[in-house]
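For reference, the chain that follows is the form predicted alone, supplied as structure tokens.
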Amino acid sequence: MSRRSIQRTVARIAAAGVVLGALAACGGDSSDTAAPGTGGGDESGTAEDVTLTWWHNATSGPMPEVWAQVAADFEANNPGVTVVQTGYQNEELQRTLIPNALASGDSPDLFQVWPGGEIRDQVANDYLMQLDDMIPDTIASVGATVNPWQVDGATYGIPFTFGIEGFWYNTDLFAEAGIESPPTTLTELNEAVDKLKAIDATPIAVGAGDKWPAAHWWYQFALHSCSPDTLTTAAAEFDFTDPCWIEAGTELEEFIASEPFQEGFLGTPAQTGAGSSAGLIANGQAAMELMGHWNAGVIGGLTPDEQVPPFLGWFPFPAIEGSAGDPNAALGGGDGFGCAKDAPTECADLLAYIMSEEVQSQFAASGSGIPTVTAAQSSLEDPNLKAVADGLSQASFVQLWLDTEYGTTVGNAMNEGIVNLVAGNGTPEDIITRMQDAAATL
């Protein structure tokens, strides 16, 4: 599947509201969800003396416990199979651990697989197991959300969650500052920042110490400065000549100059500890954080009672007036799992179990994200996740995370340029030059 096809597919996902179920009507029941003793992709139905290693990105909030229980239940239902599951910080997992493990030939059996450029590179290097013949019903159960995890029509990963990015905010601080409704334009966002400063509240927390949260700010300015056609062309051809790309950096520079972020934001982690950007939201020390759909669970895990705070709300990134960007465009993606090419067939069984309605319902009830299996979406309890799902259904265009879309080479160069800009050590033009130079090496 080409970059253009993936881009259009994700846009169609948003337009049809697939996370709400419209495109996942193939059914939530699956005959290959590794029910007790079935053995899924293993025709013999037996599993003896098999150890499966599983790497995921759950390190805080409720998800480490959820995945630990999934591993234990799978072991109980499949005698002879041992599941060794380990959580790592997302950045370390995506940028270092998995690439190094795959290149060394000593990878885990089941691991996070990101769509876009990364999965295309992994398939090109023959690292991943093709799943279509192994667990076809599981693939069908998530409908069109699986398409970004396919390459040339074949499936190499399955998303267990899919959603869009937006602002997680403190409704109490908004009320105290006299902000009557969430901002819908950049002008209104700037006004909200000023009102929050007036009550001595930190307007926005950002975990720039982990770099990617800072990069996402430029992503959003690019998304709302460039037209959908320009974004699609960039994904397909690495064409960044449209002036809107420079405009995005200029807009971000101007926004940063208004000092909307917390003191020391360049060294702040995103999701680990009370002093992280998520922790500042959890404990009422900042009013907003721009983050993905998983953030409610992270924030809940950092409160004193480890519950999602009652003041938490969500709204999409606002439109930029006068720009070519679609005001209803959204930036998003999902988390998925795939199996190593030479993993035991039980790896596909474990993946099918993770994608079962039972486990997807547990995931939804945990408040950690939006499940991709339609039948499990009724288990969503967090009103904010319901708001994210509704936001996705109303988005007219959904762009995959830009570093994911462009792949490791261009994505890393882009992120480095953005981080330099945010730190005051680069220019809007530097970002584009880095991206173009990186693309030229492909």
Partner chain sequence: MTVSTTPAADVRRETPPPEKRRLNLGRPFIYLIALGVAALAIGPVVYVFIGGFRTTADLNANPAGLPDPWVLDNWIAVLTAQRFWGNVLASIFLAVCTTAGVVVAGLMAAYVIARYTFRGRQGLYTLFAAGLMFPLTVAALPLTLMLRTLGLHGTYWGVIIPGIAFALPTTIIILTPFLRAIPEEMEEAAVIDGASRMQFFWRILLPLSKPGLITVGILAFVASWNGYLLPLLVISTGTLPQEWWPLPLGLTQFSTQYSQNTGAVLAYTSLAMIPALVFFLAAEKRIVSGLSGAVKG
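Residue numbers count along the first chain shown, from 1. Small disclaimer: the values here were computed from a predicted structure and weren't measured.
There is also a form predicted together with its partner chain; it is not shown, and the following applies to it.
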Gln377, Asn384, Thr404, Thr59: which sits within 4.5 Å of its partner chain in the predicted bound form by any heavy atom?
Thr59
Can you pick the one in Ser361, Thr232, Gln89, Ser323 that has a heavy atom within 4.5 Å of its partner chain in the predicted bound form?
Gln89
One stretch from 154-162, 80-88, 235-243, 315-323 that, in the predicted bound form, holds residues within 4.5 Å of its partner chain by heavy atom:
80-88
Taking Thr184, Ile431 and Thr433 as a possible spot, do all three reach its partner chain in the predicted bound form with a heavy atom inside 4.5 Å?
no
Report yes if any heavy atom of Gln112 sits within 4.5 Å of a heavy atom of its partner chain in the predicted bound form; otherwise report no.
no
Please determine whether Thr96 contacts its partner chain in the predicted bound form, using a 4.5 Å cut-off between heavy atoms.
yes
Report yes if any heavy atom of Gly301 sits within 4.5 Å of a heavy atom of its partner chain in the predicted bound form; otherwise report no.
yes
Heavy atoms within 4.5 Å of its partner chain in the predicted bound form: does Asp106 have any?
yes
